[in-house]
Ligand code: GCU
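Presented below, as structure tokens, is a lone chain in the form predicted alone.
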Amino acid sequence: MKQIRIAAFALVFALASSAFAQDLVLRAADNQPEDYPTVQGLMFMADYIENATDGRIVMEVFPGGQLGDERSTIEQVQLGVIDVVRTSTSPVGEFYEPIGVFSLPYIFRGETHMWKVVNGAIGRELLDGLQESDLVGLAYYDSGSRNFYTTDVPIRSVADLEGLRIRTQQSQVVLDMMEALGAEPVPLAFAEVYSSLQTGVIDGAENNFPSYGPSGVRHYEVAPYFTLDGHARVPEIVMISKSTWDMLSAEDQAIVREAALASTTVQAALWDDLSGESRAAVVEAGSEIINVDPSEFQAAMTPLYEKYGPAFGDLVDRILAVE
């Protein structure tokens, strides 16, 4: 009788394990709305996984911050409460310091340089290093670049920033960047920027095209000069909980990673479309788009790199050396 009970228990356990293997539901978090490029990237990733596993693994995407803000969702992924998250690499630096190197101003010379770095040996090294923090890096997404825009003085060189009052985020590295460029940083709540530009409290601000344009906060209406200096080009990242990752078979790990990498092309194309539409709209509205040589601006960052660089070992020099 005892042997029968043991055999029955083993059969039930085997059936339960088999059912679990055939019906794994992953939860993925994103703080952006459903139609945003990063969310659409995650949805493509979900479809890829479901198709590649014949429905054994399903990934449900929760957009709009339903599962928390960026920092809290990273913490939940660490703990295995959430399986997958898409976030900026900026807050990830609080959990794994080396990836914070991407937040340094002008660390990338442009879009091409950024993709060479993140899709090359350095980017792979940082994705792998996240496992130290119970996170597994899968892929990088595009978030465009942040650029200066001004009300009266167009910025065509570093000299044009001298003495300008520029709204900034409350970040020490951004404050240091402004001072290195000769501008006066003015930390303000984002909701106050439009009226402050309009009334002359500040001379300019900085953000990307979608935020600057009609689909964003419409700052182009009061600040018509948009300078493509690309001072911040912080990539997004897709991560999975290490506890979830370790639960997957090697075959399923490969599928999940392939799905994330495949989704990067979709996400980047959607981001380009969104940015392009915003750029065309502000040009039509009368904004002047100013191209500059970013190397002049990057050269002004030497003191800043000397201040923050030691925390990242040789990463700054290695990134700057990528051709």
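Start at 1 and count along the sequence shown; that's the residue number. Quantities reported herein were computed from a predicted structural model and do not represent experimental measurements. Just so we're on the same page, rigid core means the largest C-alpha set that superposes within 1.5 Å between forms.
Keep in mind that the form predicted in complex with this ligand is missing from the display, and what follows is about it.
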item: Contact flag, Q32 vs this ligand in the model of the complex, heavy atom cut 4.5 Å; value: yes
item: 4.5 Å heavy atom contact, T244 and this ligand in the model of the complex; value: no
item: E236, heavy atom within 4.5 angstroms of this ligand in the model of the complex; value: yes
item: Contact test in the model of the complex: N207 vs this ligand, heavy atoms, 4.5 Å; value: yes
item: Heavy atom of each of E70, Q169 and S211 within 4.5 Å of this ligand in the model of the complex; value: yes
item: Heavy atom within 4.5 Å of this ligand in the model of the complex - the one residue of S88, S196, Q78, T151 that qualifies; value: S88
item: Stretch in contact in the model of the complex with this ligand, which is absent here, among 130-138, 109-117, 161-169, 221-229 (heavy atoms within 4.5 Å); value: 161-169
item: Residues within stretch 177-202 having a non-hydrogen atom within 4.5 Å of this ligand in the model of the complex; value: F190
item: P91 C-alpha relocation of at least 2 Å between this form and the one not shown, rigid core basis; value: no
item: Residue shift check between this form and the one not shown, rigid core fit, S133 Cα at least 2 Å; value: no
item: Core fit, then F108 C-alpha moves 2 Å or more between this form and the one not shown; value: no
